[in-house]
Each structure stands twice: as structure tokens, then as C-alpha cells.
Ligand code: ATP
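Form predicted alone, single chain, as C-alpha cells, below.
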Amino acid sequence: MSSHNEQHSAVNASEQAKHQARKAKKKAVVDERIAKATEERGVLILMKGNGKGKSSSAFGTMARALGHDQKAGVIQFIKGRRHTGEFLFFKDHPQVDFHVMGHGFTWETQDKSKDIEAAQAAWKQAEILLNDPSYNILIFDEMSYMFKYEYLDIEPVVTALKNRPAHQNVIITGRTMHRDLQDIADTISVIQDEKHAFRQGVKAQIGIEW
């Protein structure tokens, strides 16, 4: 029994040594990357893809920023016909400036001129936020559709994003992203769609879809 225990201890010691060596190597790589990341500035984050969770991720990040007492601005470019849970939760927060500018999804309004008018009004508000250094983080929810449907020109948006206050973080959501936005983005995350309850006949519900 004693010999067996000694053998087992030797195996455990060997595995532990290998584990420590792997972790030490990984730590060295991570430490090197951290040491090289010395630039301090705001970032442009794009949340794209067909999967569910783009806006949820953006608002989760905003909640994190609010936890650090940062000031946030939100513009929802499409969701305007019913109050979303995020609007109801954040609308009275003293550190959040929340604007719902849309009239609903384009397949609901079926009025292109009205959609363009709403998009342009939303962009005017976005320009104000992008020029205000008091905002630490901005969320432009569903903004990417404005370029897909040609409701907004991309050039003024790219210029404004480039010229925003250096510390300001911006998150833009939407299924597809204009190439010009991707070219200037710092972080791009893709949410994939592998399975969705709606396609199985499950009705959209409060707290999950809106």
C-alpha cells in the first residue's frame, strides 16, 4: 500500500509540475501582451451577426460602465413602437441619456420617407453625443441598418466617429456592418445563429426579445 501511495504521489507531482509549466508559459504570453498594450483611448466596438444577443451585449457593457460611475448615452435607431426592457430599466438612471428615435421595424412602418426622417433625426442626436466629452460610452443600437437601407450616408458618420473625444467608447449593433465602419473599428464581435426558439414556433416574449 505504501509503495502504491508513493507511486501515486509521484504521478501527481509530475502532473502538477507539467501543469505549472503550462500555466507559467501562458502567463508569460499574457504578461507580454499586457505590457505592450500601453495606449489609453476609447474604442469603437461593432456587434454584428445573425444571432441573438447583440443589443444585450451592448447594454451589458453599458451596465459595467455605469458601475464605474461613467456617463452613458443611448440611441435606439429602430426599436420605437414598444418600450424595450432596457429603456424601461435605464430611462430614469441619472447617468444615462436614453433616446428612442425609431418608429418600429421597416417591415412594420412600410413608409420609407418616415423611416429616413427618423434615421436622420436619430443621427442628429448622435452627433450631439459624439461631440460631448462628458459621455464615456455611447450605444447606437441597430444603427447598422441605416446604411444597409441607405437611410444615412456613411461618410459623415465615419468622420464623426474618428473625431469624437479620445476617451469615448462607442458600441454599434446590427446584423450587418458597413465596410467603412469595420475598417475603423477597434473590436468586432460576431454573434452566430445556430438555433432560435422563434423558428420552433415559440412566441417572442417580454424580457427575452424586448
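The first residue of the shown sequence is 1; numbering continues from there. Values in this document were obtained by computation on a predicted structure and should not be read as measured data.
Keep in mind that the form predicted in complex with the named molecule is not shown, yet the notes after this line are about it.
- Of the heavy atoms in residue 145, some are within 4.5 Å of the named molecule in the model of the complex.
- In the model of the complex, residue 208 approaches the named molecule with a heavy atom inside 4.5 Å.
- None of the heavy atoms of residue 186 is located within 4.5 Å of the named molecule in the model of the complex.
- Taking non-hydrogen atoms only, residue 22 never approaches the named molecule to within 4.5 angstroms in the model of the complex.
- Partner contacts here mean any heavy atom within 4.5 Å of the named molecule in the model of the complex, and among 65-73, 146-154, 51-59, 177-185 they occur only in 51-59.
- Contacts to the named molecule in the model of the complex (heavy atom within 4.5 Å) from stretch 146-173: none.
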